[in-house]
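A single chain comes next, written as structure tokens; it is the form predicted on its own.
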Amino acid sequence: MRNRRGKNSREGGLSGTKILLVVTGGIAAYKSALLVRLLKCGGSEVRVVMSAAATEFVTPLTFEILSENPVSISMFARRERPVVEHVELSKWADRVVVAPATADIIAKAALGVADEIASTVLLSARAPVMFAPAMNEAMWANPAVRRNIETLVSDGKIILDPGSGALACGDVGPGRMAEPEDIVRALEASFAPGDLAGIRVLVTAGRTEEEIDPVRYITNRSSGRMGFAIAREARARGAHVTLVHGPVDVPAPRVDAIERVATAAEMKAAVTKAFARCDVCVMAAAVSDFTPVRRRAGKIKRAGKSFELELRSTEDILSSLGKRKEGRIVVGFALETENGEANATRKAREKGCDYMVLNAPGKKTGFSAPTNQITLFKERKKLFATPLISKDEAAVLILDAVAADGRLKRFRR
């Protein structure tokens, strides 16, 4: 099943737009060539600025041919007519995209440094600026980079969070530049309200941890990837997104409000409060079904060959929301190992869900993996089942169904 783009109300997508692409020195610069191609096919006029380091990875000629425009690589290059090029470009562009955005250019932009053509163009930019970071996972996690990212966000810049996976250096983790198709979608969304504009979406993600003693707890293997993908996609489609998440294995996306919790009880309290202000609730978190009856004050010592742990059920958050949804749309998740479809539709009915997403645990699905294989039900009706797809693609398909729900009309602002 192909990844479908969220609908955008702007006729012609990017047709007639002027996109200034700033390419800096990272191996992901090869992806920027494809980005230019996609933008041109979508009807954009594209001009490219390259840092000196970028030219070590891809030649300016590549971008000149693809963009059908001269490429700017120096502040002091001789030109046919006198012009302050960085000012001219800043006036010309409808949007500025930095892809790849290295740690170096992010630092320069955050500090207002203008020591070469790329950083000078960014300092003089008058249009909205998007950064698509690309770097090693250790660099992405470095406190200095995190501070610079926060500075850019507070300055109103748009950060297209990097993906997670195998990196050019051989490491595995977050740091891969957003795919060109995702950058195009973000640009499309920036020109017109998305199909969830004006809708308040509450998303839960991650796992909960129920303490046994100060060093042990009960939990599950949920990484947070699925819930984060939904939150990120909802935000890209114009929704106001509140994210409540427990412990996770990946960085949280940039949304409108985030609350971090640890236990099922904390999750319930945070979700119950936020639910009153939402129009759509997507419960992707894997909340513990059981919690110890008693938390030990000290570490339990080894004594004998066995140990009995008494558990009690946690409160069913999804069911409590379904009982008081009052017209809100509620999306639940069901992880099943047997009789999946029957159990999913039963849960949807019993818990008052409008939609139920069924998935199963496996090496490439469910917990931990970046991919999933889902079946979506609207009440008892099966809408579709997917092959193995990325969780980002799954998020698009789930929100396609929600965005097409006629009941959203009453919530649009």
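If you're wondering where the values come from, they're calculated on a predicted model, not measured in any experiment. From 1 onward, residues are counted along the sequence shown.
Quick note: we don't show the form predicted in complex with a small molecule, though the next part is all about it.
Contact with the small molecule in the predicted bound form holds for none of Ala101, Asn142 and Arg176, as no heavy atom of theirs lies within 4.5 Å. Taking the partner from elsewhere, Ala127 is found to have every heavy atom lying beyond 4.5 Å of the small molecule in the predicted bound form. Within this chain, Ser288 lines the site of the small molecule in the predicted bound form, having a heavy atom no more than 4.5 Å away. The closest non-hydrogen atom of Ala334 lies within 4.5 Å of the small molecule in the predicted bound form. Though the partner is left out of this view, Glu88 does not reach within 4.5 Å of the small molecule in the predicted bound form, counting heavy atoms only. Note on the partner interface in the predicted bound form: the residue among Val96, Ala132, Leu318, Leu187 having a heavy atom within 4.5 angstroms of the small molecule is Leu318. Shown without its partner, this chain lists Val201, Met283, Leu160, Leu122 as candidates; in the predicted bound form, only Met283 has a non-hydrogen atom within 4.5 angstroms of the small molecule. Comment: 334-342 is the region of 113-121, 67-75, 226-234, 334-342 lying near the small molecule in the predicted bound form, near meaning a non-hydrogen atom within 4.5 Å.
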